[in-house]
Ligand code: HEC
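This document opens with one chain alone, in structure tokens, the form predicted alone.
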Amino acid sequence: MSTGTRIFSAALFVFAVIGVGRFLLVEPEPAVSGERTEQTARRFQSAQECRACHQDVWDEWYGSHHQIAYLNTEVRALSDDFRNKECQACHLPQPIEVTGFGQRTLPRKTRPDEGVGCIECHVDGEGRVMGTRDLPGAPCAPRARDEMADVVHCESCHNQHWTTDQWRASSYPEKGIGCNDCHMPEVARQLADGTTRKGRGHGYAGAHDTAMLKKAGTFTVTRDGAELVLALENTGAGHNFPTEERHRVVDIDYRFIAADGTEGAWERAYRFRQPYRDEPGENTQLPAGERHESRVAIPDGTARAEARLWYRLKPYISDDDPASTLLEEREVVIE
């Protein structure tokens, strides 16, 4: 190797060393206060990371049917212990934004105790936090996404049984009433400085909440001549009643009591339900805003009639089963 070549190679080596040294020793410029950059972005991976700043929200969510979505023994039994992966996709989903708002979710294998939690609803595919407002100064620096407050946010999981389609077919969209208005009502949270801040509740009251169920329909029982008229109107649910899984039912039962006190057997006037795929029959769920009326002939010698409105989480269970909830009772004097 010539002298000139050796000198040139040595110079290249020195410059390379200096360049690497500058790269290793020079600190990057600090980010502007309150500004989130790719270098400072934190990738959130568990609801536990949210708890330190959002304990009140955590307390509302923890124990909810979103939190226990994968642990729920009833769901595990119905899904063959989640061997049916179609069920796992919604009960233990990846973040909704990964596949897109309104699109079918994909199942995950981690954090079974978190079911559907902070990460699944508030974190995008890159681990960044989404919210209804831009808050760059907050520790998690949420970025506003319009979909967060839209029905499409719920649709990825809750339209597997056409619940959001049922909502769209109702008058609720025109009224500007969406999922959050009923299932995530506004709450006032106490802050450390003594002030309050409005937010949305994260308890997600629904099919397991008696107070919510009672708001769904208006149950009336009247006499019309020789007939007992039993009616249910869907006045409070923005979707069919009942909705979601096919095993949920609403029953109207009645019985007659004779003048001598003899009590007749309880009989069913009507059942609101979407049958299983292998069952005969049609979908009898009650759409939002609609009314169904059943008429039953009153036997001679009847003194009064009693009627009950039941909500059942399983179709073939007795009244005393814990999965049966008595919503309303009515009595009509006949003579």
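Note that residue numbering begins at 1 and tracks the sequence as displayed. What you see is a predicted model, and the numbers here were worked out from it, not measured in a lab.
Only in words, not in the display: the form predicted in complex with heme C (HEC), which the text now covers.
Contact check at 4.5 Å (heavy atoms) against heme C (HEC) in the model of the complex: all three of Cys179, His183 and Gly206 pass.
For Leu191, a non-hydrogen atom is located within 4.5 Å of heme C (HEC) in the model of the complex, even though that partner is not displayed. By the criterion of a heavy atom within 4.5 Å, Thr132 is counted among the residues contacting heme C (HEC) in the model of the complex. In the model of the complex, heme C (HEC) lies within 4.5 Å of some heavy atom of Glu49.
Phe272 falls outside the set of residues with a heavy atom inside 4.5 Å of heme C (HEC) in the model of the complex. Looking at 139-156, the residues that come within 4.5 Å of heme C (HEC) in the model of the complex, counting any heavy atom, are Pro139, Cys140, Pro142, Met148, Ala149, Val151, His153, Cys154, Ser156.
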